[in-house]
Structures are given as structure tokens and as C-alpha cells.
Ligand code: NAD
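First comes one chain, alone, set out as C-alpha cells in the form predicted alone.
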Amino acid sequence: MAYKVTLIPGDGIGPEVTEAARRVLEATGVAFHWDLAYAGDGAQDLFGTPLPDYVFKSIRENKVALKGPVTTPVGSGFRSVNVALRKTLDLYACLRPCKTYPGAPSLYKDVDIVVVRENTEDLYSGIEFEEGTPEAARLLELIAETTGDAVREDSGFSLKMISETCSQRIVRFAFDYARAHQRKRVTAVHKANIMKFSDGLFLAIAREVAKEYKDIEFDDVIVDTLCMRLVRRPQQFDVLVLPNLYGDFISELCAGLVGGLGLAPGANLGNDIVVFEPTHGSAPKYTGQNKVNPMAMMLSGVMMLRHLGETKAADKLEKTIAQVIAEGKNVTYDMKPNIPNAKVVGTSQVADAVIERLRELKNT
């Protein structure tokens, strides 16, 4: 049986890393029927929008998607393809494992952290008021009337919303993930000492939910303290659960701890839909250069295989990628610093090396 999966190449380096991941996934022997869908710059050129309706239709029908990175304009234009996908499909949980592999350019060993990020609210909810608009003026008046505080009239606003509903489901997700994957501890990350009614609510909900999971340890940490502790000794952390904004920052920090964004896979999950994609962006300056590391996209494919129940294929592919990293003979430029005499190759050549090793395993 072939698994029907929506395949979104994305733009920038997206098509290159997506093609590399597609090839290695097929080399595992698992059969796929790829439902090709376009989002990002390519879709803008073809359909006049970076996120056509048929993309949503395909994902809803297939329930599983593998997505390359897409470009989002900075400061103007379409808010974000990624945010729109997550909000429209209610992909409320962002799962980003960060794990060290021998040979990767990391200062650390034995790091194995899973970042669980709330995806739908906080400052990324998209409720903003532009400076100088009537809406911003009304908000200024409301603030003055209710708090007595004077806010500069030339201010723009982005609202931070943390709800009991969304906090509860993301914390439950983190604990359920920890239990299902034999993890020992969940740590809630917050800034409740300052933002008492938003992060304070998130922390209060996390503490209540934690009481239902007696088999899992629980603690909490202020986000700035977390950054310091991660840099000093990241091995002390297991599963981190965070509101949206902090989750974005901390997942990239954790990627840096294990060797960079080229080794950082991810998934965005709802109740019955999952979109797998790397943590990194579209890096348009490298488009078409066959240069960037496809392993984050490949490891996102490993996550997809596990989600589909193809555990043996997932384990085999992850092991093979780890061997290619450790061997250092077929790695991209970002992997070179920690591998003496490494041979630097391109995106497609990394896929070739993984596929060749998969074939060797099959024949042994």
C-alpha cells in the first residue's frame, strides 16, 4: 500500500531539500503517492496567491504533508504562509526534536531535547494595529482609561493572547508525547514573573495539568534563565513546552546546540492532520546552488515515517543519516568544521550518499 502524502516543495532552497528527502524516503522501500501542491513564491506566480485553496484541500484529504520551507516577506505583504497553514488547519502543536549526532559541528554531546511549541496564539496570532490608524487611537484611549498609563501616540501594537484552552491542550500534548516516548520530564517555559496575566495563565495551567501525569516529572523555568542553562548544560533538559514566541526562539537556539538548522527537523500537528517540515527557512540566496544541507528535511521525513507507523524504516533511515554524518565523506559545507578532512558535497550528493548506504544495508 502506498501512503498518500501532500508534497509541498516550497521555494528558495525548498525544492532542492524536498527532492533530496523524497528520494531517500522512497529508498527505504516504503511506497508513497505524492500529491504535489505549490505554496510560496511559485504559487504566487501561478495562482496570484502564495497559499492557494487547493493546498488546504489536499492536506485535509491526505492528513499528512511533507513541506519544504517557503519565503515570507519581511515587514509587508502576506503575513506568513506558515502561520496561515497552522491557524487554518489548527495545527496547534509544533514539535521540534534537537539531538546531537556524532560528527556534527556541536560543542556538546548527548543532547536530546524535544521542543513543544504552541502554534496558534501569543504574539504570533496576527492581531496588530498599525501606528497612526483609528484603531490604534482607540486602543490608546482604552489603555489610558483602564490603566491610567500614557502610551506614546506614535506606537504600533501587537497583542499577546494566551488562553486557558490553548495552554491546556499544548501542555497535555507535551505530557502525552513524553509518556508515549519514554521521556522523564516536562519543563514549562514562561516569563510569568513579568507578564502575570498571559504567561502567568500559561504557567498556572501547566501546573494543574502536570498533576494528572504522576509518572512524568515536571518543573518550570523563566525563559531568560532557560537560555543561560541551555548554553551551560543542555543535557539537563528533556521536553520543553512553551508559548508560541518563546518556542520559536528556543527551538532555533536548541538547533544551534546540536549543529545548526541543517540538522533540525520539525512537525506541526493538529488533532488529525500533520505537516512535517524542517525548522530552517527558505534561504533564497542559495536557491539553485545545490549547496545547503538537506538533513533537516530528511529527518523530518524520519518523523513522518514514525507517524505513519513505519518504525523500522524510520529507524533505518535515521541510523543511515547518522552514519553519513559520522563518516564525514559526504556532507555539506555547514558540517565541515567538526569533521577533519571532510569532503564537502552538494545537496543532491548528500542524498546520493544516504541512498547508497541504504542499499548496502538492504543487501547485507
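One rule holds for the numbers: they count along the sequence shown, beginning at 1. None of these values were measured; they are calculated from a predicted model.
From this point on, the text means the form predicted in complex with the named molecule, which you will not see here.
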Considering 119, 167, 293, 251, which brings a non-hydrogen atom within 4.5 Å of the named molecule in the model of the complex?
293
Heavy atom within 4.5 Å of the named molecule in the model of the complex, from candidates 70, 331, 302, 65, belongs to 70
Look at the stretches 273-281, 183-191, 99-107, 141-149 and give the one with heavy atoms within 4.5 Å of the named molecule in the model of the complex.
273-281
The named molecule contact in the model of the complex: residue 285, any heavy atom under 4.5 Å:
yes
Residue 226 within 4.5 Å of the named molecule in the model of the complex, heavy atoms
no
Using a 4.5 angstroms cut-off on non-hydrogen atoms, would residue 244 count as touching the named molecule in the model of the complex?
no
According to a 4.5 angstroms non-hydrogen atom cut-off, is residue 82 in contact with the named molecule in the model of the complex?
yes
Which residues from 5-19 come close to the named molecule in the model of the complex, meaning a heavy atom within 4.5 Å?
13
